[in-house]
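Let's start with one chain on its own, the form predicted alone, as structure tokens.
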């Protein structure tokens, strides 16, 4: 066997093992949803049932927590995306000796444990009479999620030809028009991707949310409390529903992308 063929087989084996490692736990979780056992497991198999979907539907606290997570994620998007885009534009257009310091300052929340961010946010805003809740959770999460947005937009800006913007200004466009019609369309893919990452980062966040959420329990905090009191396969049912929704959204996006790339008239 030649070295190249050995390398190809090794790469295929690695990719196969990687996907097994990635998707096997999800498959086991999905199968456990249909097991007629009060524990989220596939062994022993006590029979096939759909009752855990009914129990999930009847769990009002879980749906309330899911609603809070979606509300927080929406609020984080409204804060993190504008802050991240503005930070990226500032750092790529301004030349100053303080630029490395500002860059490190904005990235510092990424290197700070979420527990520290949550505690410091709670202590700071408590002085203003805010002791927790959805508003404080949005603020706490946005402090580090905006850095993700900034990094993704900065990576896109590295490929932007600044002469296009200057040409628009020379042709009589205002700075706002040049930004809206030249720069913003170029940044649109990065902004949309950053918004998706920001949403997911907020939705799955636990460490920061735990200290600032107060009585407005998010989904991750609620599930953590269920781990202590006893999980049922209703949690598996929720996970399966979220996976199916994710696959549906990804499929719709891919079909839309292929349709846009398809030549006209074909």
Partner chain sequence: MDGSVILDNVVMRFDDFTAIEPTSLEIRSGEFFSFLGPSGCGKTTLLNIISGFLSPTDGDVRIGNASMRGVPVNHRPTAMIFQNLALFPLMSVYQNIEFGLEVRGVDRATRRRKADELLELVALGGSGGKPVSALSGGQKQRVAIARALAVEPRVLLLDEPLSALDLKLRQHMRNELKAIQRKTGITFIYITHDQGEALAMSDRVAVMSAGRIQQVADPETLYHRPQTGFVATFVGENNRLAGRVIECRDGRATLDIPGLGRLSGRSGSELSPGRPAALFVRPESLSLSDAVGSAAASMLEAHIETVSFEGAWRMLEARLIATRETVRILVGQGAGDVLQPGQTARFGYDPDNAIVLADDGAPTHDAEMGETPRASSQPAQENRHVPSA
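Remember, it's a predicted structure, so these values are computed and weren't measured experimentally. Residue numbers count along the first chain shown, from 1.
Heads up, the form predicted together with its partner chain isn't pictured, but that's what we're talking about next.
- Residue heavy atoms within 4.5 Å of its partner chain in the predicted complex occur in exactly one stretch of 73-81, 171-179, 190-198, 126-134, and that stretch is 171-179.
- Under a 4.5 angstroms non-hydrogen atom cutoff, its partner chain in the predicted complex has residue 167 among its neighbouring residues.
- Using a 4.5 angstroms limit between non-hydrogen atoms, residue 186 touches its partner chain in the predicted complex.
- Taking a 4.5 Å heavy atom cutoff to its partner chain in the predicted complex, the contacting residues in 144-165 are 161, 163, 164.
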